[in-house]
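So this one's two forms of a single chain, laid out as structure tokens and tagged structure 1 and structure 2.
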Structure 1
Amino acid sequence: MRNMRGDAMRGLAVFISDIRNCKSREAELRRINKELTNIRQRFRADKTLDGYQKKKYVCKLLFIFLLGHDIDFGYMEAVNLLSSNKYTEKQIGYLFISVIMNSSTEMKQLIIQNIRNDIQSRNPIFINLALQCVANIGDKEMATAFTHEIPRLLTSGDTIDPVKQSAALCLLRLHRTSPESLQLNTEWTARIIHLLNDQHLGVATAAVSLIDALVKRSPDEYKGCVNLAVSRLSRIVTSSYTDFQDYTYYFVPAPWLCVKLLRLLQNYPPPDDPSVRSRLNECLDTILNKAQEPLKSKKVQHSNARNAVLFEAINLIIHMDCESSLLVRACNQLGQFLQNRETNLRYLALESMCLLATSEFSHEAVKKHQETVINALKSERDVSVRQRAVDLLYAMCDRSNAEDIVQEMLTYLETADYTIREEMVLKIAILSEKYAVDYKWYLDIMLKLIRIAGDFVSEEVWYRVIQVVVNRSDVQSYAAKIAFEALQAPACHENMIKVAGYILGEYGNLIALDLRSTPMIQFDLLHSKYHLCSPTTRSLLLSTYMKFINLFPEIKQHIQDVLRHDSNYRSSDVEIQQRAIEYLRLSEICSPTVLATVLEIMPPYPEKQSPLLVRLKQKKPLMEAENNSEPSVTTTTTHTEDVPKFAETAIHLNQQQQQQQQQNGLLVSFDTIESNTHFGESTSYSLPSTITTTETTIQSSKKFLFKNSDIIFENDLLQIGIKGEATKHILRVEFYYGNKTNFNLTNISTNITLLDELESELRLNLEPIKPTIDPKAQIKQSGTIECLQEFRDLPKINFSFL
């Protein structure tokens, strides 16, 4: 009977074909329901099933699960299959539990016990099945459970090679999922390292992957692997491909093992032992030599395998960065690839060359290929390769070739792909600044850059231009001149207007004597662009106009007219409106000397790391290390805050108690002139203490120009704080009343009075507060204050308690 049905599992085949023949989803669901009921009937506790039947039904369940239905039974039967002695039954059991892993712990313990039995068995097939299952599930519990068994299998002398291979990979998987729960005895270390010398190449390949992962965890412990790896590598490289029958891939001897060994070596610095080192150099030399040999096969697999080894070798050479001859050879080899027909090769060559360019030994060698790279930039069809070419140009640039390279990049920028433009702009800006001998050249390049790239010029770039100009007094008049010229173009990019506006505002006087750029002409030219700009640019231009008032008093009248114009004075944009109003007042009230102090030339910026590099790193998180070794020329601060600060100083010096609106809206200053604080214990005595705090008024009101919350009143008994948040004309306020005494403060009442006109100018809406404050506690009162009109007086708080 048993022989008759064999292992075919006809029932399963029939079930699957039934499902495949179902005409609709509903029909399929009906068939599955029917089958599930059938299986449930079979699996009922009182029935006994033989292994074959269990296997069949577990298979069906697996199939149903893979169709996307929920399975909530049959786990027990699957686990029972694990203890079967038949391969097929065991296999299905393992398959089931690695696909549908039940999270219930009791089941898990059972599964782990079964796996342990198999691992300890003498049948290599069973061991491999168990190892596969562990690797497939590969969770924390598995890692802790088998932390001893698997390394033992790996290192014991009597395990056969395929099992060792599986054990190594299984261990690697466990190490990847939960390295902390895997405790490896140090006594295994030496043995694991010695697997590199294993006769069987498969075992060695699996072991390298494992060792690579372990080395990353504790490099010192596995330091011994370097020697072994080098000797293994040299044995492979020097032997002919006929020596490794099974492990030769299209005439390349064991390419995967080679690549992995080369990667492993990149975890360590170049070996100290001269003999090992020379042996390694020999290997690398041989690999480079082999690359020169004619191809043994036309098949793409052959060249792929060979190049994979070669590129990994070059990576190692770059990593070691000590053998100049090797570096130069690698560079020449890559130079050959630059002209290769394979796009992938060209890409890889450019990428590796980028790394080579940073090494002092090969930098010159890389520079030889500048022409080719520039050609690649121009003629390459693949955008990613072009991107690499840009990277390489950036990396190989130095003082000697900066002008050429910047020029080439600028030319290319006009036709460059939109996705890389912003990055290119940054790179051009950095290079031209870094290698600028003559800052006039730098300014020319930058203005050209802004003209060409326009939208792709990020804020940092033009901030930086201004910083350079501000910090270098020798180029300021030249800057003013060319900015003025650039502005004369009929169509100007907004960034250009910003730069020109700023520079002219600061240094417009330096070119004012020229008849072609008299103050009036400068102003008219700027103002002709004004209406086409965005609000931020407009507010910058308003500041420029204000600076003009200081620089050229003769056009003051003109500028005041502009400020007074409805589109500014009553602009819907708060920032523009505020600036127009404040600047106008400033120009009307202040004497020329005060104005001159307020609108002084901007001081030089402190020198810091260029924000451009920061920005470039943000764009490319994996930027090469070269940027860290950045030389000095850089300067900076956060330039962004410059403009608002400018506005604030103006007010500060003004000393006027005018109504103020901060950038984001209205500010209400609070006054605590009369805080009548009654203190006493009701019966014995009362001490009315009237504290007048006129001076705090001014202070506190001024404080709120710069922050949203502060303490407005404080004495031994009481602390009053305020926190405000303004949206347009409504200020949302929270008052905090803190009791500093050790008694309860009772009968508390607060009252904010609005005197005279203030009543029609502000509208208060505050919630009532609790009448008591516990000792050392604080209560909160929140509400809103609405500004209906401009106001001058300040509201008063009356706060009383017993």
Structure 2
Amino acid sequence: MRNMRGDAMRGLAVFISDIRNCKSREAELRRINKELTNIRQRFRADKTLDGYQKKKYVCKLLFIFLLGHDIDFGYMEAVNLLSSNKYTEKQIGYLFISVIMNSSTEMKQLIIQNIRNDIQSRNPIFINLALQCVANIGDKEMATAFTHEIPRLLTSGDTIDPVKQSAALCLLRLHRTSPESLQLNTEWTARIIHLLNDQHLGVATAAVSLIDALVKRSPDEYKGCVNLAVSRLSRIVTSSYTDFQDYTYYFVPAPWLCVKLLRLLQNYPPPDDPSVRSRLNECLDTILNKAQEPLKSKKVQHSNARNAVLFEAINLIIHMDCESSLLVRACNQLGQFLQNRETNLRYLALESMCLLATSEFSHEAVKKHQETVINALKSERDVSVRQRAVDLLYAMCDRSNAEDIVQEMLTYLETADYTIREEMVLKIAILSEKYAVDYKWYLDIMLKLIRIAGDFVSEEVWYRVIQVVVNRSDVQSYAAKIAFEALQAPACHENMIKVAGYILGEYGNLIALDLRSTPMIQFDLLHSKYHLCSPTTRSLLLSTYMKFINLFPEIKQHIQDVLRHDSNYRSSDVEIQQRAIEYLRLSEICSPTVLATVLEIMPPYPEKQSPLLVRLKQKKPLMEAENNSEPSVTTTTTHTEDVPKFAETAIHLNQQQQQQQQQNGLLVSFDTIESNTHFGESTSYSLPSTITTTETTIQSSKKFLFKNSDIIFENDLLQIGIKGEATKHILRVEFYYGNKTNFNLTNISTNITLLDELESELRLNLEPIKPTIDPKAQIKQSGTIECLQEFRDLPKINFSFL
């Protein structure tokens, strides 16, 4: 605030002093209430208050508001101050309006009109006050009201530089708060871009911030800014700091403008014009050269400013990813920072090198710093720097150094911070599979990983171990051997028991001839861990025992005794009890041939994207960019229920999505990345007029022994799913009909036929179905099925369409 004679407002100073001298909260409240009463009376009774008195009382109200008390009057007096021709009175009015904005429509219209009057005035001080108020409020009404005035003010040739700065920053604020309400005409695009060449660096700096925000919304409209940005950057970088006396910060010319220009250029690919690209490369080369020069000052501000420009230049080099010499030079420069005593520099260097490691031009240069990064992992005090070191080791890993990096990460995992252990487990699992030449080495690493950090091994990790073993017959015998050996440890983690239980249940026969791992020894070893496990793991082990009955008939009686034991047969856990009863009954009534069919070995899993990569991206989105440039690890997906019920070994690539689909009423994923109500792309087919489920329905019905929802029919045109929930003898059912084509299915009709005795055994009540299914969409039909008596036949569903 300007120091003007007569504007000291002694009454305000006295009031503030009284408040500060209050000894208690009650005394302060009494003083405030007394002052509010006095101000209210003066506003009501004295209609001849001059500007000075209004300003004084409005300031008191503002101070009271800032103390945390509500203010419900004085708005009109503050608006009246906006009409004053005195700077101090207008300033207080704008300050009050900016801090305490009344939501009254009439009041807001008065404020907008006063702001418009000041913006259209010739007084630059009043214009700046108005622009600051608009930016401080920054709501939808302000953006709509001044969507034309402020751009016009910004691009006008008559506007002075300080006002242009304020106008650019005001537009930026409105764009951030109400982008949908701020409609900029295309006629202003070229004028706004041209502000990059403004002689006043303050205007250029404000304009870069505005253009950077606008580019993110309309990149094609503002692509002309690239050439001007490169030109402006070149003039700054190649000049001496003495050429920018007013904008030199500790011997660094215009560092904020340089950073903003470099950041703006990262919104576009490398320039197509050879001359522009050459000029940009020259700028980046000059910045790297200056980083090698001795410091011109020992003050931290100088190094901070210089490094800010350097790191932003390196980010642009990484973004362009086309100049191998620049990438290698950037990597070497960052390598020097890895041993810098400044923690922030080490952190930023590791972060930037993670991105450099994904480039084919600089990957080898990054690998040269492997030992330095490993030493940082061991000796760094700051946990965030150690985490970045782990990220960099993960990014620089390839087939040539995978064993060394995985071993170092395993060693560090034993003492790593708990906050990063789960992420490290995922990365070790991914790297050990991705670069495994010998899958025996992979299994050794994974079992060691589970032993070291079992509590941080997510289900996706040990699921993946199972998938690899099932899909690779050459390591199944070795997997059974090391799993059996791992179980012999005095302290065995529960995840290790799960892995060993599954592997021995499938491939225990491959090591049964060894006297040290006979069938009975395998069973006794597994069962010795049984009572220490959670109900989920016990359920899996019961399935393993059932598999043993098929693999080793000689211990069948012993396993049946375990199943009959009260701890299983009468368990309080429903899942354990159900498995014990069903498995016992299955082993008693089924012949060896039937058992061999039911309990046959698991088939190979289909290959899909690794769930570990999906999990890692969910935990750390930054790693997504790193993984995009590398070949993905293939993986497999299983069904979630099997016979026997190895539910714990099932894996779904996106369980969260599946749960969300079930909450939304959907049965299954359609293997697309689109919304839950749409399918992926498919080609056009000629449509039959009717589809009838016959054998497909009969086969699908067996699935409902273990689940309450599934697909009962699917072809290239249509997918039909069902979801049911039973309450006593009534089944609430929902049918889902999905259109997999690119055109409408019309004249939809469904009919569930009850043949012969079914008419007296079941009662159907289904709501009408919509006559049309949109392309890539699905519709739902709800209803109930009431069971009147036991039935053996199945209903028949007829579905017709055009």
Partner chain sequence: MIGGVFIYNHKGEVLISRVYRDDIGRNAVDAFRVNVIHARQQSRFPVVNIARTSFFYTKRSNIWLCAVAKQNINAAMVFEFLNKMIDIMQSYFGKISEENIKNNFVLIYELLDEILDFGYPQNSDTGVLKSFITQQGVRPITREEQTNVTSAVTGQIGWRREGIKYRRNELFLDVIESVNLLMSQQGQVLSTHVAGRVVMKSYLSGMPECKFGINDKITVDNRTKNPLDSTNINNNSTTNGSTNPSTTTGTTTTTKTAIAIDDCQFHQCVKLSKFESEHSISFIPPDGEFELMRYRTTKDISLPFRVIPLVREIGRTKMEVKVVVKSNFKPTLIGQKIEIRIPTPSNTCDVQLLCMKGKAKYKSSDNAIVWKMKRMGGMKESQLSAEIELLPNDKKKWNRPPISMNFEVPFAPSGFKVRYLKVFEHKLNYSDSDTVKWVRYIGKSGLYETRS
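Keep in mind the model is a prediction, meaning the values are calculated, not measured. By convention here, residues take numbers in order along the sequence of structure 1, the first being 1. Each form is matched to the other, and the largest set of C-alpha atoms that superpose within 1.5 Å is called the rigid core.
Colleague: Only one of the two shown forms is the form predicted in complex with its partner chain, so please name it by number.
Modeller: That would be structure 1.
Colleague: With the core lined up, does the C-alpha of F713 move 2 Å or more between structure 1 and structure 2?
Modeller: Indeed, F713 is displaced by 2 Å or more.
Colleague: Does R732 shift between structure 1 and structure 2 by 2 angstroms or more at the C-alpha, the core having been superposed?
Modeller: Yes, the C-alpha position differs by at least 2 Å between structure 1 and structure 2.
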